[in-house]
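We begin with a single chain expressed as structure tokens, specifically the form predicted on its own.
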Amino acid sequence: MSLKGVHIAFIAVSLLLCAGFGAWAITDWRETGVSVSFYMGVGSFVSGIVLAVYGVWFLKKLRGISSI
């Protein structure tokens, strides 16, 4: 697998982890009412959005460079 492919896979796995952790943190906040869980959940979702935007930018930038 090329470096480009590894990078795309890493971004995808990181995005899934952000979404999963964010969902867990928001669920924990709803059950316990601890505000730190809410902020961690929101921060995780925001990080996921940033990762998604970066992933699209990365794919557009390297579109013409070798296949995955």
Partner chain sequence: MSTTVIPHDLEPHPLTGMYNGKFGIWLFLASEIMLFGALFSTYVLLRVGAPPGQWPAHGSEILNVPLATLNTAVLISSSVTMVMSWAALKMKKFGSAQVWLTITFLCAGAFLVVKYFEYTDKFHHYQVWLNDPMPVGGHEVTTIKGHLTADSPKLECSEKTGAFNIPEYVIITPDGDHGSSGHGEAVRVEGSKIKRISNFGPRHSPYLATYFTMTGLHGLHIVGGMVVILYFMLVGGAIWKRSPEKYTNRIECTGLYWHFVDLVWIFLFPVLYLL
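Just so it is clear, the model here is predicted, and its values are computed rather than measured. Numbering follows the first chain given and starts at 1.
Quick note: we don't show the form predicted in complex with its partner chain, though the next part is all about it.
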Verify the contact flag for Leu51: yes if a non-hydrogen atom of it lies within 4.5 Å of a non-hydrogen atom of its partner chain in the predicted complex, no if not. yes
Given that the partner is absent here, does Val42 sit within 4.5 Å of its partner chain in the predicted complex, heavy atoms only? no
Give a yes/no on whether Val13 approaches its partner chain to within 4.5 Å in the predicted complex, heavy atoms considered. yes
So in the predicted complex, is its partner chain close enough to Thr27 to count as touching (4.5 Å, heavy atoms)? no
Does any residue in 29-46 get within 4.5 Å of its partner chain in the predicted complex, counting heavy atoms only, and if so which ones? Thr32, Val34, Val36, Met40
